[in-house]
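Take a look at this single chain, the form predicted alone, given in structure tokens.
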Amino acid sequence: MRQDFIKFPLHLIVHPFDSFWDMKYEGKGKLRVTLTILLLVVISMILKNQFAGFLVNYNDPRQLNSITQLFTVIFPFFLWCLSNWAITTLMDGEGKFKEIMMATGYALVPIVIIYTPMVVASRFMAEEETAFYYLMMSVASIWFIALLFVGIMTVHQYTVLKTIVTMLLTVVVMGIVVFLGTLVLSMIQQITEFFINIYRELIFRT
């Protein structure tokens, strides 16, 4: 259990090539660990938005909603996985949907490791020390992207160039899905309002 939840994720973030290979071919990655990491990322983001020091936090805590913040992490995660699976299916990718989920989830480990300690530290920082906060947050993001790149490349057995193209296409597909989803929801809302207005008109006339 400790191997699954602590040792392997920590080993992966410093030895990504070997670890993602073991994840794909040796079965070392676990879906439950992926979901646990995702939950920890949600918690880290909530803590960052609500409790980071006022020098680095421009959010109004009274206007923050934990459910909304949960959605802003969970939705992009699964949208990325679905979009990447759809694209790589057409581009001879060897990765299964489960493997894409695990590669993406394990790549999020630096976010968990860095964000929470920096949120605590930010509450004690002077203004001239906030540059270190932003530096560490940037390190977490770059580290995540690098791990995600290696993970996608390994699970699909792509070259570097093909991995870059695939990831860019995945982002494009995500944008298209969001656009179409927004369009459909807007149409549904307009249709619903149309029938409600007709109903009200009929009730008023009778």
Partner chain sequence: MIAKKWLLAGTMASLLLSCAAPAPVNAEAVPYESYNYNYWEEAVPAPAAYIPDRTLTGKDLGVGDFLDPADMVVADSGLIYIVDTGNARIICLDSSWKVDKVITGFDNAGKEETFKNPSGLYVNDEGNLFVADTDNGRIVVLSPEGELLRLIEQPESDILPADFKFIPVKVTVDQAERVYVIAKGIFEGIMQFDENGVFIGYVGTNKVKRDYTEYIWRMFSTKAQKAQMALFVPTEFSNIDVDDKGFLYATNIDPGSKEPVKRLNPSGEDVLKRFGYFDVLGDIRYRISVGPSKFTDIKVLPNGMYSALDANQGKVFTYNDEGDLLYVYGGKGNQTGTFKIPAAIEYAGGSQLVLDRGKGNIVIFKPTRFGSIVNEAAGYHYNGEDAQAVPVWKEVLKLNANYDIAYIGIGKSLLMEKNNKEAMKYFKLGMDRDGYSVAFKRYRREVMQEHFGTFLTSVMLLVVLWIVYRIFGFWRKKRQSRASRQAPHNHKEGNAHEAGFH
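Numbering follows the first chain given and starts at 1. This one's a predicted model, so the numbers in the text were calculated from it and none came from an experiment.
The form predicted together with the partner chain exists for this protein as well; it is not shown, and the discussion that follows is about that form.
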property: Exercise: Glu128 in contact with the partner chain in the predicted bound form, heavy atom 4.5 Å; result: yes
property: Contact of Phe179 with the partner chain in the predicted bound form (heavy atom, 4.5 Å); result: no
property: Interface membership of Glu26, the partner chain in the predicted bound form, 4.5 Å heavy atom rule; result: no
property: Close approach of Asn59 to the partner chain in the predicted bound form, 4.5 Å, heavy atom; result: yes
property: Listed residue (Leu55, Leu47, Leu70, Leu64) with a non-hydrogen atom within 4.5 angstroms of the partner chain in the predicted bound form; result: Leu55
property: Among 71-79, 108-116, 90-98, 128-136, the region lying within 4.5 Å of the partner chain in the predicted bound form by heavy atom distance; result: 128-136
